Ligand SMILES: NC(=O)c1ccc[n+]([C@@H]2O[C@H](COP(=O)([O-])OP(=O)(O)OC[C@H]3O[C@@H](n4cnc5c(N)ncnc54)[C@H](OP(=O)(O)O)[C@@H]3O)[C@@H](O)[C@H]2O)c1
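Take a look at this single chain, the form predicted on its own, given in structure tokens.
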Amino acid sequence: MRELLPSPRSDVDLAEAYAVPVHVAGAPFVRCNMISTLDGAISLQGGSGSLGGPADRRVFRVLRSLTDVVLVGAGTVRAEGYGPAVLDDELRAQRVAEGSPPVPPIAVVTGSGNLDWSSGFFTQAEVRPIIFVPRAAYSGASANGRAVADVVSAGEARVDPRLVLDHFRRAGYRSVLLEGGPGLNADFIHAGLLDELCLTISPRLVAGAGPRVLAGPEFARPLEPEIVHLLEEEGFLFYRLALPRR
């Protein structure tokens, strides 16, 4: 892995390159990790797995190792066949040495609470998942899932990102890794709560009319993130982009 910006160099230490900055705001630091093809697609035939490569998977693991909690939408959990968080022995040991559990918990945002509570995502998790639902879905989700997850009401008609971060703050989580999907990503940006976007550009073209990194209506004006770094390996580009909170 080499760095192209801001200063060209080789043999980049990924843990150092993606270190979570000291965050002085009240809410946890939130970064989003996504992959996109050259023509803007984030999936092929419903999943993102075929878009990446070895370097992308290393960045994925390092970002998970550095976060206190992973946050993802229920649609992405279903589409990508999510299982419990898994890290190699070295990354697990680093987390334990820093006083964190060996793997981060995974939190899921769902509007319906309609999840497969008997799946390995729940039954094989080292750390109990956290499930955020709106008030209307709380009773059913709590009754069905409380044996395998912590179910949290976080909003009225839909889950409110601010209430999600309030829960994380009270739990002592200082950093959040958002892994999509596009609607949840957009919710955090519209709420002014996303600090960074870690975007992998895959050197592939897939055509089609699939989803992009963000969903929903256009912004009135384009956002202009600041490039923290740009890395490259085997044609894959790895942007770390800072977004000012609004």
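Residue indices: 1-based, along the sequence shown. In this text the structure is predicted, and so the values were computed from the model without any measurement.
A second form of this protein, the form predicted in complex with the named molecule, is not displayed here; the remarks below concern that form.
- Not one of Pro105, Ser175 and Leu241 is positioned with any heavy atom within 4.5 Å of the named molecule in the model of the complex.
- Of the residues given (Val59, Leu214, Ile35, Leu194), Ile35 alone sits with a heavy atom within 4.5 Å of the named molecule in the model of the complex.
- Of the residues Val30, Ile42, Val70, Leu63, just one reaches the named molecule in the model of the complex with a heavy atom at 4.5 Å or closer; this is Ile42.
- Heavy atoms within 4.5 Å of the named molecule in the model of the complex map, among the stretches 73-81, 138-146, 116-124, 88-96, onto 73-81 alone.
- When contacts are judged by a 4.5 Å heavy atom cut-off, Ser100 does not count as touching the named molecule in the model of the complex.
- Residue contact check for Arg158: one or more of its heavy atoms lie within 4.5 Å of the named molecule in the model of the complex.
- With a 4.5 Å cutoff on heavy atoms, Ser202 does not count as touching the named molecule in the model of the complex; it lies far away.
- When contacts are judged by a 4.5 Å heavy atom cut-off, Ser153 does not count as touching the named molecule in the model of the complex.
- Counting a residue when any of its non-hydrogen atoms is within 4.5 Å of the named molecule in the model of the complex, the hits in 165-188 run Glu179, Gly180, Gly181, Pro182, Gly183, Leu184, Asp187.
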